[in-house]
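Coming up, as structure tokens: structure 1 and structure 2, two forms of one and the same protein chain.
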Structure 1
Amino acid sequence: MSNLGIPKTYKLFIGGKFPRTESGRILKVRGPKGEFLANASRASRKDFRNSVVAARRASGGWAKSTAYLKGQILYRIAEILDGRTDQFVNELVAHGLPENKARAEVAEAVDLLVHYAGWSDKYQALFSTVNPVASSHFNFSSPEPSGVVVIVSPTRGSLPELVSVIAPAMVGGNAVVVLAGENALTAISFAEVLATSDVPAGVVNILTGHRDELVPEFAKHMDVNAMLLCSDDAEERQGVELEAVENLKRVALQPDRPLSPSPYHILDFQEIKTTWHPVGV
């Protein structure tokens, strides 16, 4: 009796659902020896705009959810990812990674998620102040999420790279749209992890596609508050900065590799709000 495998269809992750690209285009994903692995979706500009709509819709509720809940959800992602280690290892090996390296990458991604889960209710204390103003007012400043953050992952798009850029923006209460790197399959499988980890629909949206085509759209969209670009390409960096001017998007430029864990990566996608109130009767 034959036992033919059932290959997975790799689609996009938008608004908690897995739609095909509206454009009907594909990205042919091949293994290291050129063998066919899958037809991933080649997201269009319209797919990106749909993702921003989904992210905007999700951003208010996610921003308002308690820090405790955000922490638990990030921890939940780590749990689910850890449980699916073998699936990711198999995919990474198919992509050409040796098994021990693949296993180490999954473990690193899990650790990053656990790390940021723990920041959910702590970075606020680190980055808030009570300001001793010279008048009879109670005055304090504290961080609030930027809103919708779009992220261009490092080019390779390994699991630790992907998690290192998503987790800090997400734990800070932002809804994100991520353009995955070359490891499209890993990114979409990670979306399946997110979809089963109580992450509210639309809080994380993942697109696979051509970087050249989508990066300028990421940078110029008027309903995006901030953007993270992981790139060593000076021209690409400048292009993004220029496109981002029209709505004064906050732009964080990072090198083309995983971000090392730091609360300052959370702070990159926060706005500081200062509140005044008189003291008296």
Structure 2
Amino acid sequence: MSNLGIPKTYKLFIGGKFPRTESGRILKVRGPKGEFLANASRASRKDFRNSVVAARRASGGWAKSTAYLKGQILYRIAEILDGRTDQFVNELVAHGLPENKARAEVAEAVDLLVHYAGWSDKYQALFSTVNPVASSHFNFSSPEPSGVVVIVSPTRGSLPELVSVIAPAMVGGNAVVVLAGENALTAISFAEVLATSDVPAGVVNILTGHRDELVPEFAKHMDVNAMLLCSDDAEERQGVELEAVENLKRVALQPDRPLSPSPYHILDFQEIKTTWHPVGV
């Protein structure tokens, strides 16, 4: 009996589930020679709004989770991703990447997850301070998560690009909504890893779709606390900053490439809380 070769339809990842887009639209994912690979859901603005609702619902519990738990969950993601290396290599090869480079990309993504898992109980000490004040008080500053962070991933959509933007925001206690790059297959396959690795539903939500349709919505949404835009397009950058002014959303701008591993990318989406405590006389 011959294999019918039924093409897979890659869905969205919202609230820990894999819904089809409410609009019914699809993206045809093609290989480097134009060959058809699969269908992917083309997210609409309503899909984005639904993902923000899911992220907001999850944000409070995730922010209150212990640093130990966050680190363990990121490490678990790395374990599962490493165990599914061959699947991701096959998908990256289908997109035109040589097998050795595909394996290197998967290994890099695993290393990034382990890197940020290690920072889960350390960045607070790095960025907290005891401030000198001219009164009889102790004055402390410590980081707290921003809340709901929306992320526009680098356009190529490689696995290291995706992980490099999700992991620092996530380990900092934020719930995230990510617009993936062009490689929709890798993004949704990574969502399948998240769904089986103890990540609470709604902490990470992944959309596939067109940047020109969704990026302005990311910037103007009133229940989003912060935004990361990976782009080299000056017009796109300016448009996001202008849209975000009305709702005072924090915007971090990065080049259109993977973020280098650094605790300062965690700090990008932390609010600094300062506490005054009187000193007894």
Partner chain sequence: MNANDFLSGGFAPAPESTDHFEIKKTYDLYIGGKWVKAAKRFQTTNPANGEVLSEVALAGKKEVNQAVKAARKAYDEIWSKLSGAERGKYLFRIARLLQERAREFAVVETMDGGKPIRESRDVDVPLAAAHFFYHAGWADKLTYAFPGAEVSPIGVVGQVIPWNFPLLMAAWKIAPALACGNTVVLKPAETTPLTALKLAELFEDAGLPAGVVNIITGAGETGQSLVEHPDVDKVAFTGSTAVGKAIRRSVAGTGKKFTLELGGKAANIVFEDAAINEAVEGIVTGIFFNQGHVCCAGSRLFVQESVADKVIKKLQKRMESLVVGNPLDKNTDVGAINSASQLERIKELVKAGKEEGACIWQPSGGVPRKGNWFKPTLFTECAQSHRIVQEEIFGPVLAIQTFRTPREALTKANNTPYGLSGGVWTDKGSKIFKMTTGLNAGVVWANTFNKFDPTSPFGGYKESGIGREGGLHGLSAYCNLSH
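Just so we're on the same page, residue numbers count up from 1 along structure 1's sequence. Just so you know, these numbers come straight off a predicted model, no measurement behind them. For the two forms, the rigid core is made up of the largest set of C-alpha atoms that agree within 1.5 Å on superposition.
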Q. Which number goes with the form predicted alone?
A. 2
Q: Look at Arg156 and decide if its Cα position differs by 2 Å or more between structure 1 and structure 2 after superposing on the rigid core.
A: no
Q: Determine whether the C-alpha of Val133 shifts by 2 Å or more between structure 1 and structure 2 once the rigid core is superposed.
A: yes
